[in-house]
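One chain comes next, on its own, written out as structure tokens in the form predicted on its own.
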């Protein structure tokens, strides 16, 4: 099983949107995937509860039996939606258990200030320093025509972590959240633009999954 941790210390950064859509993409690829919802607000769990049965299945991992449930479900992927305020030992533990980490970030001065110390802490973690944990930044709710989007790109240029995708601000994600869908459950006519924006992200995830399998297969 591979674990993707979605992390950002600030609430409202897009963690749940990213987690549910990553899980939706994996499910659409016929992967056995579950969401491990650690946010006290349980937004991802609510999304799962609204998900129509006809969509590709995504399991839920309960907080009291994560390891047992994962084994019973024979999962290939676990997507962890972390709580706001993640720091200290909780952050280090999340980094230790992750095979990949995605950091959503919106073009907001408040978000950038909150993310600066977080990204510095992540960079100092043992897993990152030993290059065992790939970390990718995902720019969320971005309008490339705005000054704030330019400021976000300039801010992120100061870190070694790659910006792997820019996802637009659109009501499509709002609608998906409301009905338990991901953009990958939608028809091409409605979501093709978003699928294109997701391609660099899904390729990054797939590439690092292949690298991990090669490493573990050679042990």
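Positions refer to the first chain, counted from 1. What you see is a predicted model; the values in this text were computed from it and never measured.
Omitted here: the form predicted in complex with a small molecule. The next part is about that form.
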**OP:** Note which of 31, 42, 169, 193 lies within 4.5 Å of the small molecule in the predicted complex, where distance is taken over heavy atoms; exactly one does.
**Re:** 169
Subject >> in the predicted complex, residue 12 touching the small molecule (heavy atom, 4.5 Å) >> reply: yes
Original post:
Is residue 174 one of the residues lying within 4.5 Å of the small molecule in the predicted complex, judged by heavy atom distances?
Top reply: yes
Original post:
Would residue 115 sit within 4.5 Å of the small molecule in the predicted complex, counting heavy atoms only?
Top reply: no
**OP:** Evaluate residue 140 for contact with the small molecule in the predicted complex, applying a 4.5 angstroms cut-off between non-hydrogen atoms, and reply yes or no.
**Re:** yes
Original post:
Of 22-30, 147-155, 45-53, 161-169, which is the one stretch near the small molecule in the predicted complex, taking non-hydrogen atoms within 4.5 angstroms as near?
Top reply: 161-169
